[in-house]
Structures are given as C-alpha cells and as structure tokens.
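Quick setup: one chain, the form predicted on its own, written in structure tokens, and binding and motion questions come after.
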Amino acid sequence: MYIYDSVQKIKREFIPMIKGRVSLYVCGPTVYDDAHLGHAKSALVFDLLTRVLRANSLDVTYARNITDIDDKIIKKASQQNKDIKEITDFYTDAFDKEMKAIGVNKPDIEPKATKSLDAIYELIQKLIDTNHAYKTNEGDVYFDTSSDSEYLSLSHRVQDEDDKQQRVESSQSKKNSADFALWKSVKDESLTFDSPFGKGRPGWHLECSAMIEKHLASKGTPFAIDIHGGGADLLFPHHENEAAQTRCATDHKLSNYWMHNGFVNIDGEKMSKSLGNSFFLKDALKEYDGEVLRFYLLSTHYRSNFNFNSDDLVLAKKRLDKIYRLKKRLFGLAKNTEKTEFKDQLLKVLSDDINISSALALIEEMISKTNETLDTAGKHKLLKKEAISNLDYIEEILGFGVKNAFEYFQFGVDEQKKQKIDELITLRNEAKKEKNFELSDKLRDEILSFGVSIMDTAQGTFWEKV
C-alpha cells in the first residue's frame, strides 16, 4: 500500500511500525455548530482510508477526537443562554447522526477534551520541566518555539516578521510572538478547570497531542502513531504545533505519515463561514440522499480541492444509480464471497493512495460488461455469483450500494406518502391472496398514481419513485 505523505511531499510505501497493526488519528469537530461539507469530506476520506487498510488485512485502531473545550463553544452557550454541556451534547449528537447518514463508521476511539484533562496536565508539565514551556505572570503557559530547533519542519514555512505579527496573541508576556498557548488562564466565571497551573482552559493544539499520547502512542517506537490526518487547513499551525509539543515532551515524534485532504469550494469559491457560504451537511441531506452525497464527495481524489455544485452532484447520482440498477437486476440472489479479478483490481488501485478515479472507472466497466452479458441468452449463473460478490465488495470497501435496491430509488417521497403506499401494498397483497383480482388491480392503480412503479418478487413487493 502507498500513501502520499503531505510533509515529505512524496508517495511512500506504507509500512506500519508494528507489523499488522495501524494507529490512525484524525482531528475531529469542535462541537459548537452544525457540521459543514468540509467536515463531511474529511470524515469520508478517513473512513475510506480505514476501510482500505482493513481490506489489506491490517488491524486498525482509528481515533477521531471531539473538541468540547473551546472559546467558540462558550460564546455559543452565552448567546443561547444555555449550559455548555447542553451545547456540546447537542452538536455531538447531530454530528453523529449526520455522519451515519453519509455512511461514515464510528471511530474505534472518540476521545473528548473534557475527559482527557489528566493527560493534558501531564504533557504541559513535561514541557515545563524540559524548558520547552514557560508560565507568564498572567498565569498562562506558552510553548517556547525558540526551544525547538525543528519548529516549522512540518509545514516548511519560512517565518518572517510579517508572518510572526499575524500570529501575535493577546498576551504581551510571551518570549516570542510565535509562541502558542498550552494553558490559558481565565479570571472570569466562564468554563474553567482547576489545574496545577491555575484556573483556566487548555490550548486547542495541546488537546490532540495529549489524547494521542493517552490513547494511541506506542512505547519504544520512533513515532507515537502511524498516520495523522485532517484537512489541509490544519497543517499549519495546528499540526505543526502538535508535532512540536510531542517531540519536545516525549521520546518519539508524533506521526510517521501525514495525510491531508483538500478544501471544499462552493460553486468555485472556497467554503468559509466568514464568506457566508458554509454549506451545512444537515441542509444538503434535506435535498439529497446521504449515500449520493457520500459518492459525490468521494468522487474526486482526496488531496484535490473539491468544487461542490448541483450539476455535478446530479451526474454523480446517475453514476451511483448504475450500481443500484445492477443490484436490483440481481435482487434476491444469495450473497457470497466469490474471489474475482475485479475485487483484486479494486483493492490494488485504492491501495495506491486511494486512487478513486481508477476505482470508479473499474466499477463502471464491471457494471457495463455484466449488463451486456446478462442481456444475452443464458442463465449466466457464474457471472451472477461474481457480480453479487463484486457488489458486496464495493459496499464493504467504498460504502456504495448499502441500501435495498428499491428503497434507494424512493428518495424524495415524503414519509406520509411512503406510509400510505406501504399500506396500499399490504391491502393489495391481501386482495391477491384472497384472489380478489378486481380489488387488487384497483389498488395497484392507486399505488401507481403516486408516481411510483411496483415490482412483485419472491422476497415481497417493492416500489420505487419513477
């Protein structure tokens, strides 16, 4: 397997530190607002990576954190006159539901900053003890960037005076303008924690380093983890600062491989809350099926910037439809794990730095050839078995085709209509059973009036939107 390392800027063969085992950490959401398409893109990329690693018979421990200590959370709670935990619980729950809607599996570990305070205190103390951090008269604790000869080696930035000034924090007691907060002293009545350094809150960068050490770091290895991931916007300063903290406080570096996914643009413009074009995932899910969004957001290479627009999304749905039409054509056939050349090829291209374009091309070719053969005379038993196995593998490794083939085509029909159609189908089945064909035909016509088609199969009667 090969991964593009965004720090070394080369594609590297992936070799875990411990044979057969992989530790993966991805920066998760700060739970003060709804998830946007950028959150969705990152979550999908590393969900896919995890699936590909496991398909390569690797034992993966995947951690994605929840930042539930942050000034933005406190501000939101104050604005809404709510308890901070009420805010973080609400948005954490919303995030979980939306991730599930787009087929993102739960990580193995989902640490929260509020549950990691002991690890945070321990890491800060180590940095103080080794003269990599200092406490100011105001009670803040800062990382001393001048003490780290490798600072900026991750992002390869050149630190000039203008750059320094852009990142000057409010405190005038810092040794260097580039120094960043490990612990922020808080004198007001907002959210604070009693620490060995006084009342306050941890710095955002420190939380991830501490959680990695607590939950994933291996002893006696040159790196704390195998892979660290996140959006490209996190490379600097967040990941740069994480890496500095870890190498200065421990006997290992932070991560062997670094992976960063590209930005999401909305109609050609970079998505940003400040620009007012931050497209919330919850709004997209009202308009589009979650699996269609998954297919669309994964349809370009993870390192490329993604341009979200409605026309391309419609085209993506048509490509996903092809998987479901073949699935519907093979409906009722037993699942199997038949070995196929297609499955080997699919894993091979996905193992090459998640080459999604080649993967989708392979899928379309397989579907096209399968349909061509099924259109010819014969039962094609072996082909059908292989096709079922291929579709099951696509579902497992890519998360495409997970729904009932008929229910997938029901998207856009409201719940009230769905319930009415299901009731009419039940009545029609009862009429057919009683050989009341006149009533059965009448009920069928009523069902069709909803703009749907129906299909009677050995597994039951199914319908889809026309």
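Each residue number is its position in the shown sequence, starting from 1. Fair warning: this is a prediction, and the values are worked out from it, not measured in the lab.
There is also a form predicted together with the RNA; it is not shown, and the following applies to it.
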Joint contact, G38, S42 and N305 to the RNA in the model of the complex, by non-hydrogen atom at 4.5 Å:
yes
Is D194 a contact residue for the RNA in the model of the complex, using a 4.5 Å heavy atom cut-off?
no
Look up in the model of the complex whether V158 has a non-hydrogen atom within 4.5 angstroms of the RNA, and give yes or no.
yes
The RNA contact at K82 in the model of the complex, heavy atom, 4.5 Å:
no
Taking the RNA as it sits in the model of the complex, is S453 near enough to touch it, meaning that at least one heavy atom pair lies within 4.5 angstroms?
yes
So which of E430, D441, E407, D59 gets a non-hydrogen atom within 4.5 Å of the RNA in the model of the complex?
D441
Answer option from H215, H380, K348, H301, heavy atom within 4.5 Å of the RNA in the model of the complex
H301
Thinking of the RNA in the model of the complex, which stretch from 133-141, 392-400, 114-122, 359-367 has heavy atoms inside 4.5 Å of it?
359-367
For a quick check, can you give me the residues of 213-234 that have a heavy atom within 4.5 Å of the RNA in the model of the complex?
G230, G231, D233, L234
What direction does the Q459-L326 Cα distance move in the model of the complex compared with the shown chain, closer or farther, given a change of 3 Å or more?
closer
I367 and A458, C-alpha gap in the model of the complex relative to this structure (3 Å or more)
closer
